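Shown here is one chain on its own, the form predicted alone, set out as structure tokens.
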């Protein structure tokens, strides 16, 4: 995005694109919002999108495509095997990462399934900078476990460390020593999702890969949120300031043995892929693609999506494209900080993250404070966010809750979708909600799946606080939506 200064001296994030296709959205009255979230079991995933004003649940699969992506879908080679569309996508992935082989899959978690099925065995341990829900589930399902080796600043929501997604190298060495012979790979996640979209450092990734080589252990990069991480490396890290985005991406691809990504995030399309330089690793993984995904030249993806992804990956090499999300998030974070509202600092990628542990500190962690804040946010604004806290964890073997290290409400900013007026509306409603935060109460489960309960679990309020919050909104805003 351009660095544009106004006459008064202030700067605003300026989109380097224009809108040519629009989609109508609807803002329901607060009473209807209360009814909708109640029927959804106080779970934002179970809301109908027609009842959502701003959908800030995720950036996955909901980013806007460019005109060139839309045009590329018209030349797709629609064949089951040997599609030229796949060849174009394969060539683009190999070009930007410097890899040789590409395995397609229908989305990122499908890539994680293939990797876990190939490499993880009973008793294995996978060191990570931080876990994400789906890779952890696949690793555990195959008999393994994860060790989170994030630097201490990573879960300190007020720390201004510019690379809170870094892996602690001393902790990593200790893990590799303790688990010799039982570490199938080390996983590094770009734009670490569950701690607020925080990036890791280029030099930290290099050190991790160097240590892995010394111990004879594979390295795997989850590049789903790489475009945000590339942006932060470019603007925050001295080692990268003279490198182009393309150079940084290529060098990361050379460091890691395996790179995978969700095309629903990286590439502005829907799908996913695994890539590697190693013939041996490719041969180990490729047999799982026809079993779980589809033939090796489509992997469960539509060829039209593959064409769009190839163009989107090229667009990801453009700083004007990849800066839009982080700069909108920075703007939103700065305005909330000015208002004294607790957020994750520094502003990361993916979205603006409210710190529920300080926002609604009166709610016990056992009553799912981040989930309660998500419900309150929808009632106050029609905005759908995502709980990233204890609900997103799974219970301990003894049935007790595993409390999350951080309790966050993620307000994702899908790329090239919302305007600055939408962001300003969200800021205004968050301010109102913070002023009325004492009205927000807790939640408890009424239907709780054993695995990834945050997707389809249903909860209820522990009191009549939702009705009281809606009534206060109506009192304060009158006839306004």
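Quick caveat, the model's predicted, so the values are computed rather than measured. Residue numbers count along the first chain shown, from 1.
Here the subject shifts to the form predicted together with a small molecule, a form of this protein not shown in this document.
The partner is absent here, but in the predicted complex a heavy atom of 132, alone among 202, 132, 163, 331, sits within 4.5 Å of the small molecule. Contact with the small molecule in the predicted complex, defined as a heavy atom within 4.5 Å, holds for exactly one of 373, 225, 126, 306, namely 225. Exactly one of the stretches 55-63, 31-39, 433-441, 416-424 approaches the small molecule in the predicted complex with heavy atoms within 4.5 Å, and it is 55-63. In the predicted complex, every residue of the candidate spot (107, 112 and 189) has a heavy atom lying within 4.5 Å of the small molecule. Although the partner is absent here, residue 369 sits far enough away that none of its heavy atoms falls within 4.5 Å of the small molecule in the predicted complex. Mapping the unseen interface onto this chain, residue 384 falls outside it, with no heavy atom inside 4.5 Å of the small molecule in the predicted complex. Of the heavy atoms in residue 88, none are within 4.5 Å of the small molecule in the predicted complex.
Contact annotation for residue 264: at least one heavy atom lies within 4.5 Å of the small molecule in the predicted complex.
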